[in-house]
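One chain comes next, on its own, written out as structure tokens in the form predicted alone.
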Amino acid sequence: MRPARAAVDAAWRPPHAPEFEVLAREDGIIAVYFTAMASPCELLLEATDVHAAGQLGSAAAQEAWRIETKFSRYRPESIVSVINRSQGSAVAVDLETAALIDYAARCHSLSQGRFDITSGVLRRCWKFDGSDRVPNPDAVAALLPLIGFEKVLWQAPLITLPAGMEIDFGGIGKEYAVDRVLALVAEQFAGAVLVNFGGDLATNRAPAAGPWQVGVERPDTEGQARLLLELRRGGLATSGDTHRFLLRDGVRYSHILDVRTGWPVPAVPRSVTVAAGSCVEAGILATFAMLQGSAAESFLIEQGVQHWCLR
């Protein structure tokens, strides 16, 4: 079946955005496909009206692109870039940005400092591209003074970063976008909806045919073998190093970094998947678990959440 196409409002469609597609599947689900946040995105709707589904998909894509434009560290016009260029000057932020900073502050506290939105400076040394290029220890150590949310002055609406420090919402941004898009679509559509941004997803309910079937890659299988999960409501998120790692002298370096040392957390699982009430909640629990290293599964058991830990 040829995909039906829906117009996307050019006001929020970035110049680099790939083609937007709407496809009516044989199982009674209409799928909308686009790309945002460097991830393949899909919106699944239990619906029969392709045109209406396309309009909802357009609204979903616009919201995803809005969030990406506003919070991406790669966009010079984003509020994150403005904050990172401030060099010690206070920056006033809007309510949405303030809410994300407040959430990041809570996560920093709950994780005893392990989750830290100022740790992105470590990417200056670490490039997790599957190569063997492990950075010089002195170069990593030189970045540690630029890490530590406790050094940030935050009194809404003003944030002040010490010169040279940066923030990065990469650890929560995509999950936030998933939940926002689900809420936006569910306000306008009474049927079952699933939002999937690169494997981070959320749904309002299962379709009439049964639970959503969600596949999770097993490590080192190149997508061929999967763990098949059923999702009826809530969010699902996965954290792992299948595609982001270094390998040198038989040692695998995960992209999960310990902000206290600047080096990868040892003995992390290859993949942690968590189901929770929202995508944001699932994502942060998966991240917290990975930051625990060998104690990841014990941590998730203590939290009482449904999870799948692959090593």
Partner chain sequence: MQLKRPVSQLHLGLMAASCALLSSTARAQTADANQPPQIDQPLQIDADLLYYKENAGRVQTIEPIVSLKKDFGDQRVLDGTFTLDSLSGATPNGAIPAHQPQTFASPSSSSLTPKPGAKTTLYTIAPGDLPQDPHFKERRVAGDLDWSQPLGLDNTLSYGGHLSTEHDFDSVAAHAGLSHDFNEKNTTLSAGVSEEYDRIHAHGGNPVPGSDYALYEKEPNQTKTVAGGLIGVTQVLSRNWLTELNYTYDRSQGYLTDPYRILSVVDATGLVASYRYENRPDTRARQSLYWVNKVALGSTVLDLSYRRGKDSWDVGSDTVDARLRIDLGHRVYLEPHARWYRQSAADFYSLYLSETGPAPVFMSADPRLAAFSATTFGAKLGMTAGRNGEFSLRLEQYQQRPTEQSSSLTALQGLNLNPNLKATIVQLSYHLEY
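Keep in mind that what you see is a predicted model, and the values were worked out from it rather than measured. Numbering follows the first chain given and starts at 1.
Same protein, other form: the form predicted together with the partner chain, not shown, and the subject of what follows.
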- Item | Gly215: touches the partner chain in the predicted bound form, heavy atom cutoff 4.5 angstroms | no
The partner chain contact at Arg270 in the predicted bound form, heavy atom, 4.5 Å
no
- prompt: Given that the partner is absent here, does Ser294 sit within 4.5 Å of the partner chain in the predicted bound form, heavy atoms only?
  reply: no
task = Please check if Tyr103 has a heavy atom lying within 4.5 Å of any heavy atom of the partner chain in the predicted bound form.
result = yes
Inset, instruction - Give a yes or no on whether every one of Ser72, Val140 and Arg260 sits within 4.5 angstroms of the partner chain in the predicted bound form by heavy atom. - result: no
Of Ala190, Leu227, Ala208, Leu110, the only residue with a heavy atom within 4.5 Å of the partner chain in the predicted bound form is Leu110
Among 55-63, 245-253, 36-44, 260-268, the stretch whose residues bring a heavy atom within 4.5 Å of the partner chain in the predicted bound form is 55-63
In sequence order, the residues of 89-106 that place a heavy atom within 4.5 Å of the partner chain in the predicted bound form are Ser89, Ala90, Ala92, Val93, Asp94, Leu95, Glu96, Ala99, Leu100, Tyr103, Arg106
